[in-house]
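Below are two forms of the same protein chain, given as structure tokens: structure 1, then structure 2.
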Structure 1
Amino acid sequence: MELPSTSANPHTTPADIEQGRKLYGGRCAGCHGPTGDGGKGANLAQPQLPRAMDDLSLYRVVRYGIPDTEMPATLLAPREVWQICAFVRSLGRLASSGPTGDARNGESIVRGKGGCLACHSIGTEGGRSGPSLLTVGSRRSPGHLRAKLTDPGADVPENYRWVELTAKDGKKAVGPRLNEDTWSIQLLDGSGRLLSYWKKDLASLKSERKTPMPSYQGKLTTSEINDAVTYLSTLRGIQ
């Protein structure tokens, strides 16, 4: 991995940021949103980025991607990478309108009526079949969180697969796929247990890009969804 000789971004003029905006629009906006407020990719419109606290670490992420995620590497020239970095930093300086709901009521909804902890965890509480919510407020924008609550199947990550299988002995298993190769597959069941199967021992195997998460449109009021989004936006890990 070849890194630049400087640790500070040398291309931060208004012209560089404008060029970075154009490069970002063609290569990054599809996942991170036109204004960086998240989507399939992380929310970039915030003052501090957990994976890129300084210029060099941001350059590394943009240039080389993040292993085992959908964040790819790029073959852009170093100057162009720096220009994208300059534009991304500018997103964190933009004023953004945060959620305006009642976070306390939102917590009650997430833990109670919404049933979110049946699948998701917050720290040591909750299930393991869905992604952890402990840092979701730093990774996802309020708009993305609201979209996930109302239409969760609209933007499922490419590498996420929901597995339904039946072994030759008749046992069935359903859950998110963790790993898969030519000979075996591993998944989590509803209680968060890791299950592993040899494919030669399976009678059927169905793996789809979909989510079992239900839509809360009509199940929660608009106000309740707003409260839940407000609470989820406060979840930023251990401070």
Structure 2
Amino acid sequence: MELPSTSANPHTTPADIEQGRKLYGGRCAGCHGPTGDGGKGANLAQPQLPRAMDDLSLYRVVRYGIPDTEMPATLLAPREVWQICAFVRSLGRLASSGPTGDARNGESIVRGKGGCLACHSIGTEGGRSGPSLLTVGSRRSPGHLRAKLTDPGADVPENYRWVELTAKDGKKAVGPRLNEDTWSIQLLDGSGRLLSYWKKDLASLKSERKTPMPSYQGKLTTSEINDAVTYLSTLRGIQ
């Protein structure tokens, strides 16, 4: 990894920001939304970015991505990376205060009526068939969280697979895939137990990019969804 020798952004003129906006539009807006707060990526329209507190760490994230996440590296010249960084910081300065629902009510919906903890964990509580929500507020924008609640099938992560299989001895299992290779497959069952099968022992195997998460459109009111999104946005792993 090659990092610039300067730790402060040397390209922050209005012309740089404008150039950064263009580069951002082509390379980042698809995931982070045109104004930084709408896509499946993290919310960038906030004054402080947890993974990019200073300019150099922002440069590193934009240039090299975040390993093991959907945030990719970008092959751009240092000057262009800095221009994008300047634009990203400008989004933070314009930031609205985020979703304005009632976070406390949102928490009781997530833990109660919504039944979210049947599949998701927050800290040590909850189920394991869905991803942990402990840091979801720093990883996903409010717009993405809202879309996930109203139309969960619309944007399922690239490598997520839901597995339904029957073994030759008649036993069935369903759950999210953890690993798969030519000969074997591992999944989690409903109670969060790790199951491992040799493919030669299976009578049928279906593995699809499909989410088991139900839609809450119509099950929760618009204001309840807004409250839940407001609560989820506060889940940043750090209190």
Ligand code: HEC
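The term rigid core refers to the most C-alpha atoms you can superpose between the two forms while keeping them within 1.5 Å. Residues are numbered by position in structure 1's sequence, first residue being 1. Nothing here was measured: the structure is a model prediction, and the numbers come from that model.
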Specify the structure that is the form predicted alone; exactly one of the two qualifies.
1
Is_shifted residue 16 between the two structures (CA, 2 Å cut-off, rigid core)
yes
2 Å or more on the CA of residue 107 between the two structures, with the rigid core superposed, yes or no?
no
Tell me whether residue 116 is among the residues that move between the two structures (Cα shift of 2 angstroms or more, core superposed).
no
Align on the rigid core first, then pass along the CA displacement of residue 67 between the two structures in angstrom.
4.9
Fitting the two forms on their rigid core, what distance in Å separates the Cα positions of residue 46 between the two structures?
3.9
